[in-house]
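In structure tokens, the next block holds one chain alone, the form predicted on its own.
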């Protein structure tokens, strides 16, 4: 189950949901003070605890990957950009079928992530808890009675949980309501980031919304608060889309169909241009303008035509022009 090419609840507005737990093994220093040998020890202990001999899980040694292979995992949101830049030994424990991706030796010893398509925070949380229970049963996790889970960054103390949703908000963006939304979210202890998390841009009208507070609040309350807010944003986004279509149907239809034409017939296409057209075609699907392209088919392109993934498909390094040619060709063949 991939978050980007599978159907999910409320998927006209919510692309994916993610639950992430930050955990550390007791008896080891945090990653900023780990020696390479200690990092390898953490990887061995944590991966054994997480997999429990289950063959659905594979352990990927990131020190053995090419730059393109490593970057492709960032493009599908399995790992963070910081993870692939680390000089420490590091690994990924992955179960693609269940949307599990666990980074070992990122900022914390263990960054346990579960991703689901659409608005599915509860389902992602239940799977994350199942894996967290397996980890806790087999390893000694750093914990304090007053502070909760001990983490490298103080902002993760307590539950160590980040719940997030990736939302597609073209109407709110075009109507210049994103700034007000971000301000309101901040007052509620939530935050808004770009497509690839902290420090990234909101390409293709896509935003990640997550909790900021992890201390003094339960996981259940965090999920409920985020879910309630997300449902309000969904309602507002749909209302604005309907208004846009009512006020200027021909203009919206023309913009959408020009993007459909670009994806179907362009000979070359950059990543930035793709994301712009992707956004308008996705909007067109939600408004009923585009009927012969599904969210799932379009969503697959969100990963498959990114630079590193394209390079892996080609089997050799691609220059900028070669990538743009290959990207356009793959899009044409897909839709």
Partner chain sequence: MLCQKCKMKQANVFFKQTINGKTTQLCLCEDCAAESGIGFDFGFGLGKSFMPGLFGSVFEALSDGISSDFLGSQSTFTEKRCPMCGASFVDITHSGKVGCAKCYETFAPELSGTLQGIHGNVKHIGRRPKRIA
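Residue numbers count along the first chain shown, from 1. Quick caveat, the model's predicted, so the values are computed rather than measured.
Although not depicted, the form predicted in complex with its partner chain is the subject of the following passage.
Margin query: Please pick out the stretch from 74-82, 157-165, 178-186, 94-102 that is in contact with its partner chain in the predicted complex, where contact means heavy atoms within 4.5 Å.
Written below: Selected range: 157-165.
Listed residue (257, 245, 229, 138) with a non-hydrogen atom within 4.5 angstroms of its partner chain in the predicted complex: Only one option qualifies, and that one is 138.
Exercise. With its partner chain left out of view, which of 236, 264, 152, 224 would have a heavy atom within 4.5 Å of it in the predicted complex?
Worked result: Comparing distances to its partner chain in the predicted complex, the residue within 4.5 Å is 152.
Applying a 4.5 Å heavy atom distance criterion, does residue 174 contact its partner chain in the predicted complex?
Contact check for residue 174: no, nothing within 4.5 Å of its partner chain in the predicted complex.
So in the predicted complex, does residue 250 come within 4.5 Å of its partner chain, heavy atom to heavy atom? Residue-level check for residue 250: no, no contact with its partner chain.
* **is_contact(residue 55, its partner chain) in the predicted complex, heavy atom dist at most 4.5 Å** => No, residue 55 sits far enough from its partner chain in the predicted complex that none of its heavy atoms falls within 4.5 Å.
Examine residue 27 and determine whether its closest non-hydrogen atom to its partner chain in the predicted complex is within 4.5 angstroms.
-> Looking in the predicted complex, residue contacts with its partner chain include residue 27, since a heavy atom lies within 4.5 Å.
Problem - Within 121-136, the residues that have a heavy atom no more than 4.5 Å from its partner chain in the predicted complex - result: In sequence order, 125, 129, 132, 133, 136 come within 4.5 Å of the partner.
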